[in-house]
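One protein chain, two forms: both are listed below as structure tokens, the first as structure 1 and the second as structure 2.
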Structure 1
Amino acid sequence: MMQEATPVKPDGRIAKTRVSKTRSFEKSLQRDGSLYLLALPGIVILILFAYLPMSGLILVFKNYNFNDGIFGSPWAGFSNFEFFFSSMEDAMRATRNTVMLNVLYMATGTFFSVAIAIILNELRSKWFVKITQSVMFFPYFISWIIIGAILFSLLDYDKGIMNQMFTALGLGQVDWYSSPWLFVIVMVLANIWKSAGYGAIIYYSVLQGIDTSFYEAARIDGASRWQIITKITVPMLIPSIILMSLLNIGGMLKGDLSMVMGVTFLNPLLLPTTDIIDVYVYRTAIRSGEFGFASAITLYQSVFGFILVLVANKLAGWYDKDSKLF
């Protein structure tokens, strides 16, 4: 007669599973302990400066005051959001300006960064490339306040160098600080000057990792330099371009307040195109101490930025599965 199989209790299975997971984790620590130790400072910094401050999101639903503090202030519900969207015209203008400027920054910055990286990759003089990299990287560390002072000396209506040149050439003077749409060009050019060198170094490092056998085979087949750039170099850069674009899209609704303040001095005549969300929050909330309202708009920016990343990541996956962030 066949013996009946002894049933295994669920608790026994769970205990065995836990033991196996514990042993596998111990083996992982023994094998990759140095890597875990190397990652530990970054994990601690991420928790301290990225996750713990998220507890401050409670301010979004609070009517904050200094006497009661964050947790003692009375609840406000969704009134902080209502305050932003109550003036729909200003809210839409701030959102439109933020998206418009960030799209221009990302498009022009990527184009010039890639172009500079390709030019550096085509140069044969290594010492010249190193010097050029250092020179281009330097503007990235210059404060927007200093850049704003430089631009003012160039664009001032009465004493600016540009208007003096126009006058010498018999042309009319341009009042840059009273022309909102014209000043958009100034801000885009300033952003290119400041950040293109930084982006070029990133793309140039990617080009250094390309297998040189591709170029050698192309030269043997008689390909011109332009054909090598368009058929090998640019396609090899596309995954990195997509990755950098996805990372930038996450901050599409976040503007650079220091840039606008340093370059425009919050000139009210330029607000039709420079009144981004961060500037709007600063003007209407930070100055008056409405931190709950400022936190609500920050949450609004983060949520929609996350949605944009999800959509862009999906589109990138349709183009190339390996180019997705997740």
Structure 2
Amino acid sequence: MMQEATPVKPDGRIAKTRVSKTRSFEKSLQRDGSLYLLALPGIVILILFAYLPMSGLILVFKNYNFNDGIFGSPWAGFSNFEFFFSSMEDAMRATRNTVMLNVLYMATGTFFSVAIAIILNELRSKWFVKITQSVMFFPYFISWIIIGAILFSLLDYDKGIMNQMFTALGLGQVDWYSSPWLFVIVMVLANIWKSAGYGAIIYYSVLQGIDTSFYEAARIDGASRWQIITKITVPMLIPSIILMSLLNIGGMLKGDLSMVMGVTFLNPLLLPTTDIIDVYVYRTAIRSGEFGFASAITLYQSVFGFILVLVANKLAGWYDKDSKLF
């Protein structure tokens, strides 16, 4: 019908696909019917395990007790949020730390994942790619507790390998575990190390699914390897990068408690930068056994993330309508 009118963008997708409006209504219903059928299992799972349990959000505004049950318990208004927002200084710091670390993680993580994917895509040795790809996946399996223990043996003041090296080189010892800002670098590096291999697989598989004819054409035109990467490969990855970012942005206010616990051992001297919301909630509400407080803050994280996603989704839509999540 209109194939000839639709320009193929470099990412191999059809830029604009207008669907013939002349299609008869019956036909549309018939076709969409099978779509509902395909989506049905997923819908059921989402309803059973996500939407029905969401009724529990009501608990955030209640003082739960067993005898009255979830719905009968007395209302508590916003009092479950009070502990967090009445110590504004802590709340702001925790929010700032969370956003700061997440932005750093996202930026560096994406950069390294994409870089690794592109490089893997360039390499021609099959066995080398296979082996390195598997190996880069290893850190993903290693729990933060283990990573923390290994980092400790690197960074310990007296016995740590780093400081032993520094001393041998005639440099001074560094007290990593009492330098909050220095430790941000450690955390970022640890995060790259743990997740870059995992992320790279996503981008690498996108590249593998791409028609090789673009490359052939470019090569015939005499483009250098570097030009091919910057002019063809990277643009091909942009939609995926946008998608991944959109998916991650909703979690902007959520942090990984197990990471901070594993890597810093909740060292109080590092809290100025590592006290993310989840850590703050852990060491206040959860330690006090006030689980209602904890779920209230989870809601705060979700709402904030939701707003961010709505904005980001709009922005993505301006860039390219097809990049929108929904």
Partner chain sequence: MTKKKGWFSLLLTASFLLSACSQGNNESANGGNGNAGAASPSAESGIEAGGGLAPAKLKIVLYGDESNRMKELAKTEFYDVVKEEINAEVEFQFLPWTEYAGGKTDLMLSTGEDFATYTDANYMVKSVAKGLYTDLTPYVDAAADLSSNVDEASFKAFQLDGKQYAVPVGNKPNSAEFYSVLVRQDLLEEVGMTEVTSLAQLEQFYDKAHAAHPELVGYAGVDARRMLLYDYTDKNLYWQNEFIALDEAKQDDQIISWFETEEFKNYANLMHGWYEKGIIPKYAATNTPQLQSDWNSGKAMFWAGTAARPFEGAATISQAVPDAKLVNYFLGEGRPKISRGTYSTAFFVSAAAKDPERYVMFFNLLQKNQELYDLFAYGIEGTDFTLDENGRLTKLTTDALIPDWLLMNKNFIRFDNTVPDEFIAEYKAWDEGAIISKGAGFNFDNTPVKNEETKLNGVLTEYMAPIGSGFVDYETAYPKALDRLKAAGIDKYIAEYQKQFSEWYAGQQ
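One-based numbering along structure 1's sequence throughout. In this text, rigid core is short for the largest set of C-alphas that superpose within 1.5 Å between two forms. All values reported here derive from a predicted model rather than from experimental measurement.
Looking at both structures, it is structure 2 that matches the form predicted in complex with its partner chain. Taking 2 Å as the criterion, S288 does not count as shifted between structure 1 and structure 2: its C-alpha moves by less than this amount when the rigid core is aligned. L269: CA moves less than 2 Å between structure 1 and structure 2 after rigid-core fitting. The two forms, fitted on the rigid core, differ between structure 1 and structure 2 by 2 Å or more at the CA of N63. For L38, the Cα deviation between structure 1 and structure 2 after core superposition amounts to 8.0 Å.
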